[in-house]
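First comes one chain, alone, set out as structure tokens in the form predicted on its own.
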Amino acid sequence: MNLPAWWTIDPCAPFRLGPREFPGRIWTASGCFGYGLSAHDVAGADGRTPYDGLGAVVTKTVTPSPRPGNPMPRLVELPTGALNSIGLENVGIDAFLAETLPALEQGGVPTVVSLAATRPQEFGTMAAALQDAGAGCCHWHGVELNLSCPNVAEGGHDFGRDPDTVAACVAAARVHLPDRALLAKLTPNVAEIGILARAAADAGADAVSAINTVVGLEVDLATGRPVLPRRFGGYSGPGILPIALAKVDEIVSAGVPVVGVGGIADARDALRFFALGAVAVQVGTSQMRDPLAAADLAAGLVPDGQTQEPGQTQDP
């Protein structure tokens, strides 16, 4: 595509966020690239791999204890996106620290670890354990606190809609992460997301990620019942792009750095977030459909004369 004249940033060049220098501004969203270990044997026709040009892989969300996830079905494809109710299926923090984090470091995967819990003190406990286990990891750049998953709390609604709760969760983790970036992933299911972003920043977050999925529901006309066993799920994909852009604009207006996520399908979508002031973007649903989506997007945003070659990576 022809890049607009105002776009002069190389998205595959290092940039600083909080105490860390990330290798780039194009990330994959939590839950959309697994733990970031499953694509080393994938390559496009031009030799490009899913890791080329990426600034971070945000891992599948990790919780204090292992979770089996929600009953099947968990994913429903829709004309303009997808509705998911995964339920935070994961191995738990102990197994993640013992097995997954070392594998990510060995593979050279730039990593942001997504954490979820039900109480602020649990975020602190997990952040402390992560800091201890990952002290020597140069590819682990930070933590994203999942404060907005709509698939766990009662009725499908998230608990991160209260500014005081957001601040308490961020503060609990911040004290244990002196040399890693800390982000709070915020819910879009509120009237004023800027208030939540400001609360997160004031409590020590280096940036916020916005937005998480929108609460949605699909009905099976053959049965007259909701398709998902838990009724509600998280709606993602191109259909939420205008919502995500509006929320990001509000956060930028509140003076808080934001990593934009929600509905990004191609380079043009990513540019819309950057035009509003996002410092980086995350590719989600598109990455699940095509493991090369984020890498191809990153390559497409490199200005002329700064071409990112297939197989070229940038260490922090």
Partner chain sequence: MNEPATITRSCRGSVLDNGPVSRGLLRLDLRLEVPVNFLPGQFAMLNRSGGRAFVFGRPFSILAVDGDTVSFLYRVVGRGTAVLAELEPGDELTFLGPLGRPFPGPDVVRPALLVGGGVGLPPVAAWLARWGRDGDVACFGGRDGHDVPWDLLGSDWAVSVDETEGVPADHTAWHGLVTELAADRLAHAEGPGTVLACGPVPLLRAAADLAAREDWDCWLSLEEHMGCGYGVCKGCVVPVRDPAVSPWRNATCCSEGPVFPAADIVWEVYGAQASLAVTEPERPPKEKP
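Residue numbers count along the first chain shown, from 1. Only a predicted model underlies this, so the values are computations on that prediction, with no experimental measurement involved.
What comes next is about the form predicted in complex with its partner chain, which does not appear here.
Trainee: For its partner chain, considered in the predicted bound form: do all three of Glu77, Gly81 and Asp220 come within 4.5 Å of it, counting heavy atoms only?
Mentor: Yes: Glu77, Gly81 and Asp220 each sit within 4.5 Å of its partner chain in the predicted bound form.
Trainee: Give me the residue from Pro178, Gly108, Pro73, Pro242 that has a heavy atom within 4.5 Å of its partner chain in the predicted bound form.
Mentor: Selected residue: Pro73.
Trainee: Taking heavy atoms and a 4.5 Å cut-off, does Gly31 contact its partner chain in the predicted bound form?
Mentor: Result yes; Gly31 sits at the interface with its partner chain in the predicted bound form.
Trainee: Just checking whether Glu89 would be counted as a contact of its partner chain in the predicted bound form - the rule being heavy atoms within 4.5 angstroms.
Mentor: Within the cut-off, so yes.
Trainee: In the predicted bound form, does Ile195 have a heavy atom within 4.5 Å of its partner chain?
Mentor: The answer is no: Ile195 has no heavy atom within 4.5 Å of its partner chain.
Trainee: Given that the partner is absent here, does Thr285 sit within 4.5 Å of its partner chain in the predicted bound form, heavy atoms only?
Mentor: Heavy-atom contact with its partner chain at 4.5 Å: present for Thr285.
Trainee: Where does its partner chain sit in the predicted bound form: which of 181-189, 221-229, 114-122, 131-139, heavy atoms within 4.5 Å?
Mentor: Checking each option against the 4.5 Å cut-off leaves 221-229.
Trainee: Since the partner is left out here, which residues of 30-68 would have a heavy atom within 4.5 Å of its partner chain in the predicted bound form?
Mentor: Residues within 4.5 Å: Gly31, Cys32, Phe33, Gly34, Ser38, Ala39, Asp41, Val42, Ala43, Gly44, Ala45, Gly47, Lys60, Pro68.
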